[in-house]
Structures are given as C-alpha cells and as structure tokens.
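Next comes just one chain, in structure tokens: the form predicted alone.
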C-alpha cells in the first residue's frame, strides 16, 4: 500500500474533530483505524502531552499506518485487535483512561475495492468478507456450515430480507458450490431470475458480512466497556452506516442517560440508576450535501456523540 488513496476519505471529519476533542493534551482512541484519516487529523490538533491510540482488527490497516507519516508531537501507538478489546489495548500501554473514543463502523474503500477481500457483489471475487483474514471462517465457510434456518435468520435480521426462508433454501440447495460473488448471484438467479435489484444484493452481502465478523455483538461488547474507560467528561463518537448499528447505539445512549428505570406506576424510585452519559447533539449528525458529492459512500453515515457525566 503505497498511497493513502487506497483508503476512503474520513467521513464527517470536521464534525468528529469539533465534538470529540475536549483537551488538546488528552488521550484519544480510534478503535476502527482504517487508513488513519480521523486519527491523523486529530494528531494535527493535539499537543505534545497527548496520547493517540489506533486500533484495527485488519493487519493491513495497522501495517499501512505504521508505515505512514503522522505530523504531530503527540505520542501515537497502534495495535491490531478487535475494537471491543480496546480496554485491553489501553491496559497493555499503561493507559488508565481516555478523553475520547471514536468508532467508525464503515468498511473501508480499501477493503471494498480489493477483490481479494470479497466484500462487494459488484466485482468477481471469492466470498471472503473477513475484516481480519486471519480469522477462521470466511463467508464461503460460513454459508457452507450454516443450516438453512441459520442462514434465513441472518438474512432476515441482518439484511432485512423479505421471505428469507425462500432465499436461504435457494442458496443451500444450489446445484453448485457457492464460493464466489458470481456463484451467489447465479444461484439466486436460478430462483428469482435476474429480477433482484442491486439494493437487495447489497443487503444480502451486508447480512453475510455482519455474520462472518459478528459485528453487532462486537458493537454491544464495545458499548459495555466505554463508560469505564472514559475519563470524566470524556466523549464517545460513533459513526454508523445502517439502521441495525445505529439503533443499537441510539438505544445505548438513551438508556445511559435515563435517570430512573422503575415502572411508571411505581410511586417512588428504587432502582438507584446512575446517569452515565448525556447526548451532545439531540439527533444524529448527517453528512452535508457537499460531502456526499465528494464522497458518495458517506451518504448513509450517522454520527452520534455522548459525553460521560459520572465517574
């Protein structure tokens, strides 16, 4: 990887910088580093006492950033790991808390455009879809090992496919092994003809990718750790790209800022719930029309920001 053009432009960059940085000499952790666009921009705004941590489960991303130039006086460290293990990474580097945590849940353009990674239906490639190619199961393996019921559940819950049972049976009963993107499309064509629209194919690939990488459970594990890893008034910034992720993030923030979860009919509070976060913006921040023109892959992005309010 000899140039930064292999990775996508950092989405909602100005908004991330505006809301995430609360202390120029603070500690900031980008848990989905990718090409380092967000972290590199943060590095330009932080001081010599700042510590910046970049984490990614994809070894290619870590290698790219270690070989890249970061114009900063801040300390920068990188670690290859899943983002839900960010707390382990912090402990390994002797960091007991951070002022900002960033999570960009999008698949990088480098991953999408690299035919060897198998993330897109628009190019002929092996059905891989692993964020880390060192993980055990590729999408081909997952589809082969899954039962028809398991596949139907994934298509319904992760791809929001209508009549997922029919589609799952079509894939599992395919007359030939499903090993490539063309195999999958041809298999579906034998059941549906060539009437499947691109957005349906995108949802199928999204569903398989989420299953292969355990993405939604990974997000839930991450969210369960963020409060304990943020310093007082530290901020959490999460960029999501589809409703499944965004719903998890929105519900997490809503529950974390509630004062009481006792039944409404109960005359007084007994839950003793402690408010952990408050929203910085009432609604999710969306990219501007100008950003979408410059970077069409940002069009579905939603940024939510929350601030820790209790130790």
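Residue numbers count along the first chain shown, from 1. Worth saying up front: this structure is predicted, and the values here are computed from it rather than measured.
Missing here is the form predicted in complex with a small molecule; even so, the following discussion is about that form.
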Task: 4.5 Å heavy atom contact, residue 33 and the small molecule in the predicted bound form - done: yes
Open item on the list: Is residue 153 near the small molecule? Define near as a heavy atom within 4.5 Å, in the predicted bound form.
Closed with: no
Task: Residue contact check: residue 107 to the small molecule in the predicted bound form, 4.5 Å heavy atom - done: yes
Open item on the list: Under a 4.5 Å heavy atom criterion, is residue 83 part of the interface with the small molecule in the predicted bound form?
Closed with: yes
Task: Every residue of 23, 50 and 74 near the small molecule in the predicted bound form, heavy atom within 4.5 Å - done: no
TODO: Select from the listed residues 126, 218, 135, 141 the one whose heavy atoms reach within 4.5 Å of the small molecule in the predicted bound form.
DONE: 218
Open item on the list: Just to confirm, with a 4.5 Å cut-off on non-hydrogen atoms, which of 181, 111, 240, 206 contacts the small molecule in the predicted bound form?
Closed with: 111
Task: Residue stretch of 249 to 257, 280 to 288, 266 to 274, 25 to 33 approaching the small molecule in the predicted bound form, non-hydrogen atom distance within 4.5 Å - done: 25 to 33
